[in-house]
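Okay, here we've got a single chain as structure tokens, the form predicted on its own, with questions on binding and movement later.
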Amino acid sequence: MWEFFARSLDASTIFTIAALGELIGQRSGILNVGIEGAMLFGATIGFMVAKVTGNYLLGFLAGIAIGGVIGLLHGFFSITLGGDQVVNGMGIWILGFGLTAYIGYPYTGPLGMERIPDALGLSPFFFVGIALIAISWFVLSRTNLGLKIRSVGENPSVAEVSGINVAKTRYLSVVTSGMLMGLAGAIYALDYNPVWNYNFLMGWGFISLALVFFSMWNPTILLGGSILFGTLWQLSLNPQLLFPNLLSRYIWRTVPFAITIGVLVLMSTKWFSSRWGAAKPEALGQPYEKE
């Protein structure tokens, strides 16, 4: 039983880090629906570098770096050019879906390296995820930098008048966001499931996107939501461990995605926006042009 819960917490780590990256970007007013694409890049590039060099550290650094580049690309189209952020994000997802399938194909198969040591059955990255949540909460809630990020996400015009460089702050946020997404993808490919295959993330990025809305843009609630979805994901893979002979495993595999759809539908209702909408960054998804 502990193995099941430990595996669930390992899965939740990936959701936590990827969704945390999106949360930071959204708090600055930048929406990126292409989390899956950024994670695919981080997973594929990290896997390739680690397999060629035999070095885990280089693999993770490569995943973080390519994630930062993807974040910078999204920032260029969304901040500098003022393009539609949803369209830009979908472009990143499509690019990641196609390009990683092409460049990663020769590396199809297991990583072939000794597994990263765990601690009581838990991946060391679980503790990294906890630390990142604590750091993000502190930065966003208790520092001048966090105030700047929240300000440009709420009212960039007022922030600019107050002396805050909106573009610089948003670029910092989206690059950091991309780096965390790339790290999440690398953790999936190098630690959680070190076997590369075509489109092997199977929707983890979209679940992470839903988690940001589920969390009400609060890092601590995000952690709880990630653990819930991590458990649901593991349950969808091994339902017989908790509910033997109850429904088909194929039905269980739809549960995380069904809940994801439900969360996104709930967030779009007038009831939710009128009752809980105050947590949503006011300028989320809106381009800003300095007057």
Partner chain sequence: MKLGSYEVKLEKKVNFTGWQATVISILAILFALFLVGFIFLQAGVDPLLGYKEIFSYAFVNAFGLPLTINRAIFLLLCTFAFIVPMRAGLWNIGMAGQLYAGALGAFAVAFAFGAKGALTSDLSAGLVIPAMIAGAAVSGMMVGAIPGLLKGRFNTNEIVVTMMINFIAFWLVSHMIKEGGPFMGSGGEGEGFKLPESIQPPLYQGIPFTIWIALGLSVLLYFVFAKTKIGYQIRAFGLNPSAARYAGISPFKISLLVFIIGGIIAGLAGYHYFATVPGVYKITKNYGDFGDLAFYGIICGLISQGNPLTAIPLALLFGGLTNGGRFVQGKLQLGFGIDYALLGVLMIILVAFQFFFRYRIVWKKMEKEK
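This is a predicted model, so every value here is computed, not measured. Residue numbers count along the first chain shown, from 1.
Not on display, but discussed next: the form predicted together with the partner chain.
> State the residue from I135, A101, I221, A167 whose non-hydrogen atoms include one within 4.5 Å of the partner chain in the predicted bound form.
After the contact test, the surviving option is A101.
> So which of M202, V195, I116, L72 reaches within 4.5 angstroms of the partner chain in the predicted bound form, heavy atom to heavy atom?
Result of the distance check: M202.
> Mind telling me which stretch in 210 to 218, 120 to 128, 187 to 195, 170 to 178 gets its heavy atoms within 4.5 Å of the partner chain in the predicted bound form?
Correct option: 210 to 218.
> At 4.5 Å between heavy atoms, is Y107 in contact with the partner chain in the predicted bound form?
So Y107 does not count as contacting the partner chain.
> Check V265 for me: does it contact the partner chain in the predicted bound form (non-hydrogen atoms, 4.5 angstroms)?
Output for V265 is yes: heavy atoms within 4.5 Å of the partner chain.
> Though only this chain appears here, would E3 touch the partner chain in the predicted bound form if you measure heavy atom gaps against 4.5 Å?
No, no contact at 4.5 Å.
> Check V52 for me: does it contact the partner chain in the predicted bound form (non-hydrogen atoms, 4.5 angstroms)?
The answer is no: V52 has no heavy atom within 4.5 Å of the partner chain.
> Along 70 to 97, which positions have a non-hydrogen atom within 4.5 Å of the partner chain in the predicted bound form?
Stretch hits, in order: L73, F77, L81, G82, G83, D84, V86, V87, N88, M90, G91, I92, W93, I94, L95, F97.
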